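Just one chain follows, in the form predicted alone, and it is written as structure tokens.
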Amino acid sequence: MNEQYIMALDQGTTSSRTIIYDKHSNIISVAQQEFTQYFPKEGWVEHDPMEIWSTQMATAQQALLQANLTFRNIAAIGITNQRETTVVWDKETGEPIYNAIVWQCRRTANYADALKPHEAMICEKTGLVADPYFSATKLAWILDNVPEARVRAEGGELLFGTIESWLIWKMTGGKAHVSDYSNACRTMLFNINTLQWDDELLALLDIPRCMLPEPVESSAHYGETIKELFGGPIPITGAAGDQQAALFGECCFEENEVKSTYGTGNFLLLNTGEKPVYSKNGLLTTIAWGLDGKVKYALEGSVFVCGAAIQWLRDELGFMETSKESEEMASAVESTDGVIIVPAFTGLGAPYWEPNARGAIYGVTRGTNRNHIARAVLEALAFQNEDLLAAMEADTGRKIDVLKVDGGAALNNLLMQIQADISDVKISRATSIESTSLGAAYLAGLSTGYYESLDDIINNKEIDRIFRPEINEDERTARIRQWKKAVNATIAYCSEDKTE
């Protein structure tokens, strides 16, 4: 069997997956394993880096076995990963010195607050805001709180990386310590204009430069897997943070094309071309990818809770057995009957950036039932996305007419229709919603010549369904006004609580 395929490693927040694709974006095999979520204190979220490593490699081997393939059938490996999650490990032993601090973790809110006086400089250099979401404060916390960590780091004994960096280092047997631009730019230590680690930012948080990976393009030859993993070497030639990979996988190659990924969180990215656009409306400026010596930038809005809100209905409230049932429940009522939910379980992301906000439910009456709550959750996901779309339109001065969607919750037809209604936008859902792993596969394939051009990739895309707005402007405006009223009340309540 001499056919060649691309292996995409999709290392997510709750599970590790491997998907093997053929040249036409068809899935040949897929394997997935969940891993443990650790919550040591309120607002703290951690993963075991070794469990991430073991589950990711296990799924890669399972995917090969399922399709009866060997390393000889894999033209290249592409990696996509949960971003901002921070790992520090021993350079000699490869052992992590602490659990990975996850992007959702809010333990470093005080670090971020201390950086507020420098926020204008931080934004100019990184496109980000001073928030515990990003890797820099997480890394500083590890250096400050793990015994001997800072001394060892300054002595060149420790290495830092986001998840793609950690996996590449492990897969190459420690030969490649790299981070692609799309992940490096999420650390709050990387200058998106010079494409280098920034000395002023490193000094601000007292981060030793020697522990940082080499910044590289998103489609390039990083190294080869050690033969012990798959029986022979496989080139690793693509890497991108999950949201940038999804933008690439959705074929948003042109300026002003935009996608929304409905995953654990919800992430909206808009391609702004070869120059960064700095937001005046609470969005982030980020690098989309580095390819063929050029960099594409994006505006990004991040909502911390999306699919996690549906999981909350399922796991904590016991409303349903499976997440898919949320659509059936929400469809059983014509409206939320006035109920509005603000799912700020881990704070509010863009465009509000209120890390101390917490979830709230408004408008509950004696007649409120589970179906109303379920529908209110779906509407909340659409309202959060609308906040981001409105901010993007304000920043670019352009109306967004089409929104490409992917991620698990994009399969919820009711949610997609609500989104089209709330945002007055056409929703385009592709046949495959696996845009994140597809993006990693495309980047890896371009580097090796598996794909000859972007046109090669565009020709693979098939549209499953288009959702169009079905409500009038007055109703839309009224519903958005009620949502904003609820968000403002939530922020005000949490601000009062903080000052007591």
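One-based numbering along the sequence shown. Note that the rigid core is defined as the largest set of C-alphas that superpose within 1.5 Å between two forms. Only a predicted model underlies this, so the values are computations on that prediction, with no experimental measurement involved.
What follows is about the form predicted together with a small molecule, which we do not show.
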Of 76 to 84, 275 to 283, 113 to 121, 323 to 331, which is the one stretch near the small molecule in the model of the complex, taking non-hydrogen atoms within 4.5 angstroms as near? 323 to 331
Which residue, G290, G407, P343, P96, is the contact with the small molecule in the model of the complex, using a 4.5 Å heavy atom cutoff? G407
The small molecule: the contacting residue among T368, Q311, N191, Q417 in the model of the complex [heavy atom, 4.5 Å]: Q311
Contact with the small molecule in the model of the complex for G307, defined as at least one heavy atom pair within 4.5 Å: yes or no? yes
4.5 Å heavy atom contact, G263 and the small molecule in the model of the complex: yes
Does any part of N412 reach within 4.5 Å of the small molecule in the model of the complex? Heavy atoms only, please. yes
R72: Cα shift of 2 Å or greater between the shown form and the other one (core-aligned): no
Examine T322 after superposing the rigid core and state whether its CA is displaced by 2 Å or more between the shown form and the other one. yes
Determine whether the C-alpha of T237 shifts by 2 Å or more between the shown form and the other one once the rigid core is superposed. no
